[in-house]
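Starting off, we have a lone chain in the form predicted alone, written out as structure tokens.
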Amino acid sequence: MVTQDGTAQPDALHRQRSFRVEAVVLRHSDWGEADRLLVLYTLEMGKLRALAKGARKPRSRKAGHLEPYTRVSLQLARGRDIPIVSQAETLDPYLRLREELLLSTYASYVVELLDRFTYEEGENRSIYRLLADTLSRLCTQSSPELAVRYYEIRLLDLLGFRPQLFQCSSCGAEIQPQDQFFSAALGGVLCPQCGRDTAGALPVSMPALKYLRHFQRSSFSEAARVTLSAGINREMEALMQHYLTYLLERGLNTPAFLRRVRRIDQDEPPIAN
């Protein structure tokens, strides 16, 4: 199917022998003697694997366009099992993500989180735009932590795992301006009475909860007006990691390395276990 503006729809793209996509390269791995297997998140088709033949050869013209965290335009040819990259053009290299280790590690976390939660299940333009916008924000914003916290909460919305932050997830009472609890199993915040009686519930301060609620209902331009203290950011980070680990039923690889890099870069004290 082709729309009035001439854009091929995802089902039509799957049938074409050759088609063009806009994508962010999530990761790649060696394939055969000289090829590279790419995992992409595309604007038109969602998550997609593709094969870049000869990309590991020293004179390959494609290799420089196919590095992780790069936004690209690709011409793909239908292969026997997966599409084959015939042309590649960089749309945004996000250069700071390659030049600064801390930003590169944040980008690795952003990509890993998306990669773990998504499958090759079709188009989701909102997720694609959130991914591309977040990588851009990491390059341009003064607070990468804020960009990542916003990304986490909005990605959960788009994936259908929106945490309940305004009413108690157990009794339904409206949350009052005081310290609360959070239950990953119940999918949200708990009032003090319910939280004390719920196994596995974590305490959450009212300032941290206030920021999470603000991010959940605000545009990024509105969210970016706040200033996160190091302590509140660490609390929000620990809470998000707790919830994400519960949803994925396993831990992510990047956060531990990110904490080590951040301690070196910012002389940050370690988070207590």
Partner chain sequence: MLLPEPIQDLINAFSRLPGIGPKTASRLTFYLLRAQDELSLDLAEALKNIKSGTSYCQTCYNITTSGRVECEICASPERDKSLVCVVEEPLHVLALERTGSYPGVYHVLHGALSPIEGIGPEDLRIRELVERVRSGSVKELILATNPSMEGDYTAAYLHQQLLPYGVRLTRLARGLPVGGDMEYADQSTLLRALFGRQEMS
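Numbering follows the first chain given and starts at 1. Only a predicted model underlies this, so the values are computations on that prediction, with no experimental measurement involved.
From this point on, the text means the form predicted in complex with its partner chain, which you will not see here.
**Student:** Quick one: which of 40-48, 57-65, 239-247, 206-214 gets within 4.5 Å of its partner chain in the predicted complex, going by heavy atoms?
**Tutor:** Single hit among the candidates: 57-65.
**Student:** Quick one: is residue 174 in contact with its partner chain in the predicted complex, heavy atoms, 4.5 Å cut-off?
**Tutor:** Answer no; every heavy atom of residue 174 is more than 4.5 Å from its partner chain in the predicted complex.
**Student:** Is there any non-hydrogen atom of residue 253 lying within 4.5 Å of its partner chain in the predicted complex?
**Tutor:** Although its partner chain is absent here, residue 253 would touch it in the predicted complex, with heavy atoms inside 4.5 Å.
**Student:** Using 4.5 Å between non-hydrogen atoms, is residue 162 touching its partner chain in the predicted complex?
**Tutor:** Residue-level check for residue 162: no, no contact with its partner chain.
**Student:** Quick check on residue 120: any heavy atom within 4.5 Å of its partner chain in the predicted complex?
**Tutor:** Although its partner chain is absent here, residue 120 would stay clear of it in the predicted complex, with no heavy atoms inside 4.5 Å.
**Student:** Out of 179, 157, 133, 112, which one falls within 4.5 Å of its partner chain in the predicted complex, going by heavy atoms?
**Tutor:** By the 4.5 Å heavy-atom cutoff, the listed residue in contact is 112.
**Student:** Check each residue of 98-131 against its partner chain in the predicted complex and list those with a heavy atom within 4.5 Å, in sequence order.
**Tutor:** Contacting residues: 98, 99, 101, 104, 105, 108, 111, 112.
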